[in-house]
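So this first bit is one chain, no partners, the form predicted alone, shown in structure tokens.
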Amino acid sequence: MPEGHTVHRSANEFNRLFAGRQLNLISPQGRFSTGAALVSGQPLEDAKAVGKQLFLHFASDLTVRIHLGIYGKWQMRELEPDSTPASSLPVVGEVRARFFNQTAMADLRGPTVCEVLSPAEVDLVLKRLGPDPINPDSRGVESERFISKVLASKSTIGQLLMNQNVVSGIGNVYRAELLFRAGLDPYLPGNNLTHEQVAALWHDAVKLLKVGVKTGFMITRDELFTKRPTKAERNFVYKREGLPCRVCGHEISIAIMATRKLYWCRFCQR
């Protein structure tokens, strides 16, 4: 499942290709035909990501909400001048929605959610979501919202970081890496942590997710931020079970926490 940095990259690309211009929609698969007809032909005001969800705001005050889930994917590309109109280009696979104008197109396949919402419905979705570390937080309201949710919970910090109602955009990779970098046992209850520890988690999430947006990769080792590391080099503990810890040399552990694989170092994260 794409983590938050990937969805923010999609939002940035949508804004680059379509914002401020008329945007047409069709549903080759047929499952989004009714929704597509509600907004097709309107200008796209902007695209915004909140965690793992993408919101496409149209001039009519209607919004298309997209959650890729596990299998969803985007294919975006610019079109050559005088090329075949996007509406006539071949459809490959089960395309839920095709967004296009004269200069670009974006095909959406396999999302968990693709729906048109009113402003009130968008507000209801946003109220359910936890704060997103990548979105602006100049007054510290969002960071404090995250901190208060964690400190008030008896759930483990490993579960809380994966709960999109607590914090948006963190998935299994960032969960494992944030806890390792903080030296925190993933089984510690949230209400056993200090305000300073939770604040540090938030600020590190801001840092790592922004690196992900910039590079397109989940790189969590500071010394590799400006390089192009291989997939095996990018992280401290994720998918490294049985291998020596990069810091202490002890074996990386794996367990199942709330149906998801958990990776951590029992010695660095006591």
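Position 1 is the first residue in the sequence shown; the rest follow in order. Worth saying up front: this structure is predicted, and the values here are computed from it rather than measured.
A second form of this protein, the form predicted in complex with the DNA, is not displayed here; the remarks below concern that form.
K.L.:
Would you say all of Met162, Gly171 and Lys261 touch the DNA in the model of the complex, counting a heavy atom within 4.5 Å as a touch?
P.N.:
Per the other structure, all of Met162, Gly171 and Lys261 touch the DNA.
K.L.:
To test your reading of this chain, name the stretch in 114 to 122, 78 to 86, 93 to 101, 178 to 186 whose heavy atoms come within 4.5 Å of the DNA in the model of the complex.
P.N.:
It is the stretch 93 to 101.
K.L.:
Is there a heavy atom of Phe58 lying 4.5 Å or less from a heavy atom of the DNA in the model of the complex?
P.N.:
Taking the distances in the model of the complex, the answer for Phe58 is no, it never comes within 4.5 Å of the DNA.
K.L.:
State yes or no: in the model of the complex, is some non-hydrogen atom of Tyr238 no more than 4.5 angstroms from a non-hydrogen atom of the DNA?
P.N.:
Yes, contact at 4.5 Å.
K.L.:
In the model of the complex, does Pro43 have a heavy atom within 4.5 Å of the DNA?
P.N.:
Because no heavy atom of Pro43 falls inside 4.5 Å of the DNA in the model of the complex, the answer is no.
K.L.:
Taking the DNA as it sits in the model of the complex, is Ala232 in contact with it (heavy atom to heavy atom, 4.5 Å or less)?
P.N.:
No - in the model of the complex, heavy atoms of Ala232 and the DNA never come within 4.5 Å of each other.
K.L.:
Go through Val39, Met218, Cys245, Ile26 and name the one with a heavy atom inside 4.5 Å of the DNA in the model of the complex.
P.N.:
Of Val39, Met218, Cys245, Ile26, the residue with a heavy atom within 4.5 Å of the DNA in the model of the complex is Met218.
K.L.:
Go through 25 to 54 residue by residue and record those having a heavy atom within 4.5 Å of the DNA in the model of the complex; state none if no residue qualifies.
P.N.:
Stretch hits, in order: Gln29, Arg31, Lys52.
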